[in-house]
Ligand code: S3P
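A single chain comes next, written as C-alpha cells; it is the form predicted on its own.
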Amino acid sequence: MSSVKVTRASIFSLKISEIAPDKSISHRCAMFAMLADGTSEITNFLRAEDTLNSLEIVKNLGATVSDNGVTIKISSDGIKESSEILDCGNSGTGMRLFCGLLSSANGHFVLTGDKYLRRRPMKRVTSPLRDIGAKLDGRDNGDLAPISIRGSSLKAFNYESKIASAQVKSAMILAALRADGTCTFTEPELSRDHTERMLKGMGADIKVDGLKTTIKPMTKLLSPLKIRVPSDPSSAFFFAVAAAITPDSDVFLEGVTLNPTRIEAFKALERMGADISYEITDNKYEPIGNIHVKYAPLKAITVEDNISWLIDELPALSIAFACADGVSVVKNAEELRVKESDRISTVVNGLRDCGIEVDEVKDGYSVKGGKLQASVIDSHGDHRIAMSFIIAGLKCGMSVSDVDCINTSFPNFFELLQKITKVEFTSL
C-alpha cells in the first residue's frame, strides 16, 4: 500500500489533453461489442485496472480481442460459458452491468471483485432481474458478491425504479434486449444515459421519453462500434477544482464528453462562481469538446437536484465547498453511502481532519467554508476520496494513504499532478 504527500501549489496555467479516457464508456464498449455482428473498433480505451478487468471478462466470455496499443478490436459470435471466475476488480459498474448482460446468456457465470466491491450492495439489480425470470444468487440473499448467474429466458417488464441509477437502468436495458417482449424502464429523475445513446447508435430499438425508456428486444445483432472514447469529465473535474481553488490559475481540458448528464459538477462549480466555458467539437455517439476553467472567488451553494448526474464528483466538489464563502449543503445524496466507501462519512471525516466545520445527515452534509489545514487522510481504498484530498493539498499540503486505488480509474493522475506541484511517494 502506498501513501503520497503533496505540497501547496502556486499559480498554474495548464492545458491537458491526457485526461484519462471515460471509464463508464470504456466499460460499455467492452460489453456492448458482445452484442454486435462484426468487429468493434475502440480507440482511446481506458487502460486502467477496472476497465481492463471488463476487457478480460469479455475474453473469458468468448470474444476475440486484439490491441495494438492504439485501437482495441473486439469480435464475438455470442456469449460463451466460461470456466473462469469473472473478476470485476473494484468496479460496481462492471458487476451490475454484467448481471444484466449475462442474465439471458446460455450458461453459468460467477462474478466477483476485490474486498471493497464484495461489500457493495447488488440487490438493486439482482432483485428486479430476478423478478423477470433471471436466476441470480449471492451472499446475503443475492445482495453481495460473489454473484452466481445461470442464464435463462426473461419476461417483458414495466419497471419503475425507486432510485435514479445509470447502473440499474443499464442492467435492465441489457436484460430487455433479450426479453420476450417490449419493456419499459422509468426512473424518478434522469440518470446518466450512455447506455441508451450507445446502443441506439448501434441500432437497438430504444426510445426515451422524459423519464421513461422503452426497449424492444433485438431481432438481430447490432452494428459494431466505431468509437473514440472521450476523456472522462469526472476525472477532469479534479483538475477543474484545482484551478478553481488556486488563485489566478486556469486549466484547459481537451476532448471531454460534454454529455449534459456528465457535466453537472462543472455546472455546480460554475454556480459557485468559477469562470467556466465549453466548446463542442464532435457529436456522434456523445457530444465531445473542451472545457476551460479559470479561478474566481467561490461562494456556497446547495446541491439537491440531478444528484445522479454528479454523484461521482461530489467528493471533489466538497473540496471546493471547503474553500468557498458560506455554508454549502448537499441533499438527496444517500447513494454516496454505497460507493467504494461510505463517501458521506469519508468526506465529512476527512474535511473535519482538515479543520473544516461539517455537519452530517443521512442523505448528505453541510460544509462551512474556511481555511484548509494539512492533515493525514485515509482514502479507505476509494479512488475518488484519495484524489479529492490530494487536490485539497494544493491549498495547504496533504498526506493521503492507500492511493494505489487511483489506478482503477486514472492511471496518469500523478503524472499530470506533478505539472502543478511536488509529489512524494512512500510505500507502507
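For every residue, the number given is its place in the sequence shown, counted from 1. Quick caveat, the model's predicted, so the values are computed rather than measured.
Not pictured, yet referred to below: the form predicted together with this ligand.
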property: Among 304-312, 269-277, 244-252, 137-145, the region lying within 4.5 Å of this ligand in the model of the complex by heavy atom distance; result: 304-312
property: Non-hydrogen atom contact residue 339 with this ligand in the model of the complex at 4.5 angstroms; result: yes
property: Contact flag, residue 166 vs this ligand in the model of the complex, heavy atom cut 4.5 Å; result: yes
property: This ligand contact in the model of the complex: residue 197, any heavy atom under 4.5 Å; result: no
property: Proximity of residue 93 to this ligand in the model of the complex, heavy atoms at 4.5 Å; result: yes
property: Heavy atom within 4.5 Å of this ligand in the model of the complex - qualifying residues of 186-205; result: 192
